[in-house]
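Shown below, as structure tokens, is a lone chain in the form predicted on its own; questions about how it binds or moves come after it.
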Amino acid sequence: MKFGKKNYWLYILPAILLIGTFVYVPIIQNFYFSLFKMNSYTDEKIFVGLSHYVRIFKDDVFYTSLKNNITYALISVICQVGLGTVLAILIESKLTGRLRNFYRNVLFMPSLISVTAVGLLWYFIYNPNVGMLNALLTKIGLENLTHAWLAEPNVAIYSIIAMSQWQYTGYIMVLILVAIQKIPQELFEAAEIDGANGIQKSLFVIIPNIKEMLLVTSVITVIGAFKLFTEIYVMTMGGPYNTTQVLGTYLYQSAFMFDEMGYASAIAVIIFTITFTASIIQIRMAKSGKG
């Protein structure tokens, strides 16, 4: 059988079937399940309409979870994309010399470690009694800055966020490095002829030419912030007093600890809606900036 231009759809049909089966069908099913009250011990489904959503928006834990996800997203965009861009520019500059590959590998290495392993590692670093962080602060005379990092309600979520920035900034940095390396050298040479210094080359040559990668990394970071689960689960399980709860752990506990599958499906719908909307807004903002 010959495939002509009119049969182009046959080439993409396998991909459409896979994506439809494993992405779009589960999304539609989840919307459907969110309208029912059900559990894992029976096939019975009781139609409750939008009552799960009404309950969610009256739940204080939901607002705490949402605030933590938004906080994580904002800090991650600033640290991972912002700091990652600065690090990428510095590594590609003449300042690093022969140590360029060394710095790149050292900064990228944390992202290769399992999230669970990193969570356990930092769990012990944050330990108030035998942890390295408090011991270091005490050693240098900053005892007043020591905390029970994962046990204090006002500190715990920021401790977890700090750990995540340490792990993922290097990954975003490498993505931006790739984009910088693709910039034609002629642009840098022209900037040097015009007398541009390192900061000016960064602002007027590098940044404009890596806008697409900055968009991609921002979308990855924001979506990752709303998919946050493992770090919280390993380090605090949402405690103390639900102050480190995020939408992912809120969903998990609703589904598998309290056996409210319909309610958990409604939470999943909200997570999907937030991430989808955030992605569309970022893409539209990027397009509007091109004009």
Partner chain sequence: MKRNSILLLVVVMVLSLFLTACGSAEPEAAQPSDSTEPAEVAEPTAEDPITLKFLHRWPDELYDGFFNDMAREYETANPGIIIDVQAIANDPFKEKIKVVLGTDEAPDVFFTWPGEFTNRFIRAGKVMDLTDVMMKDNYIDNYVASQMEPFTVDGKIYGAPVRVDGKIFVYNKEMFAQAGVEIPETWEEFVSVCEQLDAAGIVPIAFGNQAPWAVSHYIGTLNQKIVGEPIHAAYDPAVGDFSDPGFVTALEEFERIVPYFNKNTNAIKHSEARENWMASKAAMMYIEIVEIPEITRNGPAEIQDNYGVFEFPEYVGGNGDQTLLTGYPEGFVVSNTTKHPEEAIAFFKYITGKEVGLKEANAVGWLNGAKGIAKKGEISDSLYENTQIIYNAGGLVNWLDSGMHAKVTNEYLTDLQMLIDGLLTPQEVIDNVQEVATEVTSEF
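Numbering follows the first chain given and starts at 1. Source: prediction; values computed, not measured.
Below, we refer to the form predicted together with the partner chain, which is not included among the displayed structures.
The chain is drawn here without the partner chain; in the predicted bound form, the stretch among 99-107, 127-135, 79-87, 179-187 whose residues come within 4.5 Å of it by any heavy atom is 127-135. In the predicted bound form, the partner chain lies farther than 4.5 Å from every heavy atom of Ile280. When the partner chain is considered in the predicted bound form, Leu175 lies well away from it, no heavy atom lying within 4.5 Å.
For Leu13, a non-hydrogen atom is located within 4.5 Å of the partner chain in the predicted bound form, even though that partner is not displayed.
Using a 4.5 angstroms limit between non-hydrogen atoms, Tyr123 touches the partner chain in the predicted bound form. Proximity of Asn7, Gln29 and Pro240 to the partner chain in the predicted bound form is complete: all three residues have a non-hydrogen atom within 4.5 angstroms. Contacts to the partner chain in the predicted bound form (heavy atom within 4.5 Å) from stretch 252-277: Tyr252, Phe256, Met257, Phe258, Asp259, Glu260.
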